[in-house]
Structure formats: C-alpha cells, structure tokens
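Have a look below at one chain only, the form predicted on its own, in structure tokens format.
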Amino acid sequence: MIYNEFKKMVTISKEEISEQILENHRDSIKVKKEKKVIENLIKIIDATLDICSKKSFQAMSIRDLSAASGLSRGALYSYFTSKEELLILILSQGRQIANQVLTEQIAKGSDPAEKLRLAIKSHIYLSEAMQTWFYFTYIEARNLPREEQKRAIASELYTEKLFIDIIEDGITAGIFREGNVILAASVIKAMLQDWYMKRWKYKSRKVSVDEYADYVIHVAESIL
C-alpha cells in the first residue's frame, strides 16, 4: 500500500468529519438545519486550524475566528459556548477518526507482521492527509481541562496499545523475537509522531511520505 492508494481507500472529507461532529454534539449545537450546520462547522474548523498554524489557540480570539470564518460572534456561539468547548470538539473528533481508521486498517492484516506494516503506514498516511489537524492536536492538548487531558492521554495509550498487542501476538506466533514490548511500541509511536511534528524537516530533505513509512517499517522490523 502506498499513500495514493490509502487516500482512495480511506476517504475523510470535511463534510464527513462535520457530520460526525454534528452526530456527537447534536444536543449542544443550537442550529437545527443540518446542511447549514455542516457548512459552518467546516468554516469554523478550517479557520481555527489556519489561525493556529500562525499563533496558538490561546492567543486566538473569537474576533479572529469570526473574521476568518465569516461568521458573526453570535453565530459562532450557536456551535460552542466557549473557546474551551471548541478546543475539546476539534481534538476529540481528531482522536476518534485516528483510532477508527487505525483499528479498521489493522484488522485487514492476516498476521502480526502484516498488521504491524498496516498500522505504521496507516498512521503516517493519515497524519499526512490531516497534517494540520494532527499537529494542532499534539500542540494544543496541553491546554485542555484536566478531565479532557485524561481522555487525550487515554487515546495516546490506546494507540500505543495497538502496537503492543501486535508485537505480543508476533512474539507468541514466533514472528518477532522476545524483547521489551512496551519500549518497542513507544519508540515506534515516537517515529510516527515525528512525521507530522517535524514535517518541515522532511520536506526540506525531499523525503516523501512513502519513503518515510517504508523506513519506519524497516527500523521497526529490525528491532523486532
């Protein structure tokens, strides 16, 4: 599987993301017309990610968001009651998408070795397709309230656990050698994060997403 094939198999449109947000937050969103909700959620999220690529979410004002999205302050508050709620909305949806895609792709593997390759490629390819969202999620998670920080940590550990389970199954099957499973999973996760956290570095070195994914697989298989 290469990146272009992944994009054809896993379609994650802005409309689909907004539909999921609406489904998860239907009780708190005050606008009732579904089409309008989806259109405006796209504007709000695009504007937030764009602004926060230049300055932090904390530094972004509702006035900034209003100007960038083209929605009045009153209209914005129909979708969230505070900046904190907006942050939770965006971050929680990003985590849900990542976990869903990873779980679905890993399930396609016939053995632990194939599952490991699918998990690595799916994570890297997904973070390439949603680079601004992944970067925003990583950077802004520290600004979440305590309970939401716990959920973010749980999601991080869930992703790591996917790799732990694959490695343990591979050891049991005799495909991977015995070793520190938790440390191996942690190192793999760190390599996955480096792609979207240091995207500028790989771009300047002309490293493609497929090259990076293949190299991470090579390193992981060398360890295991």
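All residue numbers refer to positions in the sequence shown, first residue = 1. Here the structure is a predicted model, which is why all the values come from computation and not from measurement.
The same protein also exists as the form predicted together with the DNA; that form is not shown, yet it is the one meant from here on.
Asker: Would you check, heavy atoms only and a 4.5 Å threshold, whether I62 touches the DNA in the model of the complex?
Answerer: Close contact exists here: in the model of the complex, I62 approaches the DNA to within 4.5 Å, heavy atoms only.
Asker: Taking heavy atoms and a 4.5 Å cut-off, does Q149 contact the DNA in the model of the complex?
Answerer: No, no contact at 4.5 Å.
Asker: Even though the DNA is not shown here, does K108 get within 4.5 Å of it in the model of the complex, heavy atoms only?
Answerer: Output for K108 is no: heavy atoms all beyond 4.5 Å of the DNA.
Asker: Verify the contact flag for A173: yes if a non-hydrogen atom of it lies within 4.5 Å of a non-hydrogen atom of the DNA in the model of the complex, no if not.
Answerer: Judged by the heavy-atom cut-off of 4.5 Å, A173 is well away from the DNA in the model of the complex.
Asker: Which pick from V31, L157, A67, L183 sits with a heavy atom within 4.5 Å of the DNA in the model of the complex?
Answerer: That would be V31.
Asker: Which of these stretches, 88 to 96, 137 to 145, 115 to 123, 74 to 82, has heavy atoms within 4.5 Å of the DNA in the model of the complex?
Answerer: Stretch 74 to 82 is the one.
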